[in-house]
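First, one chain by itself: the form predicted alone, in structure tokens.
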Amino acid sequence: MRKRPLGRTGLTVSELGLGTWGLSGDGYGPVTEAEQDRVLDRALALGITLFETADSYGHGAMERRLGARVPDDGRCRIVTKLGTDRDHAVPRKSFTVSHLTEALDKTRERLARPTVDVVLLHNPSLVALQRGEATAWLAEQKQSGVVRAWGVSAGSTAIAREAIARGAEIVSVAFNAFTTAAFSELSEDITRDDVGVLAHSVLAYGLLTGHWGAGKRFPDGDHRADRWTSDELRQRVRQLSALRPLVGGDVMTMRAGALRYVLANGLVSSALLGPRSSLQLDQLVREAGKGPPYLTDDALTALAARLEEVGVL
């Protein structure tokens, strides 16, 4: 497993990270505890050293599981996210100092770590960032040694840019072949401030595997049922034609091409995988390839032209 620097934090992480939202059962339906353990153990065996979660995943259960199974050895790093208040009937966002302070104390207990490697604000609004109290609080936690590095999981380019302007060392953003334009807008900010980038949604929740038909339906409890309208999904499936020519040689599947597209970007510190089984994890790691060039310059140039033709760029 190759390693990359996490921006200016001084931390080094595996270029493939394990995201745990799907594994927690929150996004796609239940996953047994035994399978969760198998995935975590397999990730460690494969050399993955970055594990990404949130205090809200499984109502804190995923943090507790990571704390129990991921060694606190200075090699493995756990990234968690704060800012979702689930003590109400309807979960809501909260980035007040009082909520974040209480949430971090609970996170440290669940992770069984006095110092948390990375803490991100979990999808704050632009207004919440502009108030400044949440980012100032995180900076204080780093100065006091409670966290090693901090940043923001951003739902838009504007939010990521505001986070960087306020000193965020890391941004977690959706990055895949269908979000290229938005990521390109951030490139100058990321490069200028040497910001670590965690790329999530690298397969667009499964869309970029190329396995779906235009009439794909999702079961109850699967967040994707509400993510796209029928017309939007049909359009996205049609646009997959731009990715299919990537398949060839050692790029055996569209999934491999989509994942390698993310890894080919030198600004990405770690691409977060979201497997729900150890089998899926093995497939993803194998298809990511053994190292650069993940895709040739000619393949990337041709892909950009095709994406523009189908209306993605």
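No experiment lies behind these values; they were computed from the predicted model shown. A residue's number is simply how far along the shown sequence it sits, counting from 1.
Below: the form predicted together with a small molecule, not depicted.
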**Q.** Candidate from 148, 108, 77, 224 lying within 4.5 Å of the small molecule in the model of the complex - any heavy atom
**A.** 224
Q: Could you work out which of 115, 156, 209, 125 is the residue within 4.5 angstroms of the small molecule in the model of the complex, going by heavy atoms?
A: 209
Q) Is the gap between residue 274 and the small molecule in the model of the complex 4.5 Å or less for some heavy atom pair? A) yes
Q. Does residue 233 make contact with the small molecule in the model of the complex, using a 4.5 Å heavy atom cut-off?
A. no
Q) How about residue 21: is it within 4.5 Å of the small molecule in the model of the complex, going by heavy atoms? A) yes
Q: Tell me, yes or no, whether residue 284 is in contact with the small molecule in the model of the complex, where a contact means a heavy atom of each within 4.5 Å.
A: yes
(Q) Using a 4.5 Å heavy atom cut-off, which of 186-194, 115-123, 161-169, 100-108 contacts the small molecule in the model of the complex? (A) 115-123
